[in-house]
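Shown here is one chain on its own, the form predicted on its own, set out as structure tokens.
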Amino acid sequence: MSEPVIRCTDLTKRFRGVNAVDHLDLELESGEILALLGPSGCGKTTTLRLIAGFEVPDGGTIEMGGRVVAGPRAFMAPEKRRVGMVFQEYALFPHMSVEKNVAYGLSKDPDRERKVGAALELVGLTGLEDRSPHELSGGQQQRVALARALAPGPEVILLDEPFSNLDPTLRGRMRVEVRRILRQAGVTAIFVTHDIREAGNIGDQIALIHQGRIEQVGAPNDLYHRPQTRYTADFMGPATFLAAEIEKGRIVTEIGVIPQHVDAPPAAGMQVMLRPDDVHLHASATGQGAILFQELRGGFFHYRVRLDSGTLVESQILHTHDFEVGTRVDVTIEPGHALVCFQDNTAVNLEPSGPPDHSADAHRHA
């Protein structure tokens, strides 16, 4: 296996005695796009700033391309790390044209004109070289910032919440556009976000950060459907946790039996995790639950159902299944993939049954 482009080992950063980044380990391969995902204050932006060289770690090491750029006996300045940075505010110079903004980091490069032209072509801004930043849309300004970061040919691009200043419609378009640009450039990238959908649409891998540590790292579909902890399960989206009994080749719950082997002995406190799309509803006067809440989300209805036992279950089904609040329904489990069981807030080992799950691409573009 080739040397990782970035390797963080036992990385630690303290502010006023509190570990903002707490013994964090992370590796990133060449050409990979990684999303650092988590709530405000979890340490994701501090991690990005440590990698960029804007902060000095209090412990651990950072390697880039096999070289130690930060550690107990080494610290390489940001401008020497071959890292491009796209800030949340874009940080464009208002008095400079698009061309001069992109050329800013290439003042002594004899090949400056060609590199600027290539960067602008890559981000689709050819012909706008003489425009001022205030004459551009928010999406165009973001692409100027990305072109400026790409023009020097960095090993790594770092993006700090790059879509937060855009309206929701433009944000959706720019997710697709930025991923295309990064892929076409073949650059390794890390971007910070608190938006689960954004992380899943752009990142090849997601590193979910919790209190300065990585809770789980993996493909978007793995974190959604195969979380290793309850924190990951809850953070990645709505989930229902049903009491479950583990029997030979099946999981028994109050709303049905799932034919699946679980590699764990029967034990008290076992729960099975259901995402809303795993749960299906059918109107029935003799059903075991009633609709408590309905919300239209695009082409789907999101429902909350109260079972006769008092358990609350989330379900998301096509808009053609329009049930009014109070409607009695049958509730069934129809996942089409292996489910995860939890004991003491930690996932137990699973042995999937049935056909493999091919839903990763569908979730990326959902």
Partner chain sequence: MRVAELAHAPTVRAGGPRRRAPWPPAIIWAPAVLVGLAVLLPLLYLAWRTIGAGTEAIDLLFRYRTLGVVLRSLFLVATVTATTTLLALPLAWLTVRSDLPFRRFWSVITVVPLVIPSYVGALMFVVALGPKGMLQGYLEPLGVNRLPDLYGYPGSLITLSLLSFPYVLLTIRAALWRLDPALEESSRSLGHGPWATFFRVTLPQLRPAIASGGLLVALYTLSDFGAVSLLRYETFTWTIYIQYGSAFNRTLAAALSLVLVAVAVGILRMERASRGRWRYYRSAAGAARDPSIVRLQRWRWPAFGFFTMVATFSLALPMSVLGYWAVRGIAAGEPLNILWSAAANSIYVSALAAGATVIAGLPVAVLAVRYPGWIAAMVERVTYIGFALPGIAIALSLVFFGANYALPLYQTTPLLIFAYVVLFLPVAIGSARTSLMQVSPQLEEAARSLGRRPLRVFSTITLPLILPGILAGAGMVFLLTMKELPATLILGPIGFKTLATSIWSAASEAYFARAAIPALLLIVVSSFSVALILGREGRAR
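Not measured: the values here are computed from a predicted model. Residue numbers count along the first chain shown, from 1.
Keep in mind the form predicted together with the partner chain is missing from the figure; the text below concerns it.
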Of the candidate stretches 205-213, 285-293, 190-198, 103-111, the one with residues having heavy atoms within 4.5 Å of the partner chain in the predicted complex is 103-111
*Just to confirm, T46 within 4.5 Å of the partner chain in the predicted complex by heavy atoms?*
yes
Open item on the list: Considering non-hydrogen atoms and a 4.5 Å limit, does the partner chain approach F87 in the predicted complex?
Closed with: yes
Notebook entry, point to check: So, in the predicted complex, is K80 in contact with the partner chain at a 4.5 angstroms heavy atom limit?
Noted result: yes
*Going by a heavy atom distance of 4.5 Å, is A267 a contact of the partner chain in the predicted complex?*
no
Partner-free chain; cross-checking the partner chain in the predicted complex, the single residue of A219, A243, L170, M96 with a heavy atom within 4.5 Å is M96
request  = Flag this candidate site as yes only if E55, L92 and R148 all have a heavy atom within 4.5 Å of the partner chain in the predicted complex; otherwise mark no.
outcome  = yes
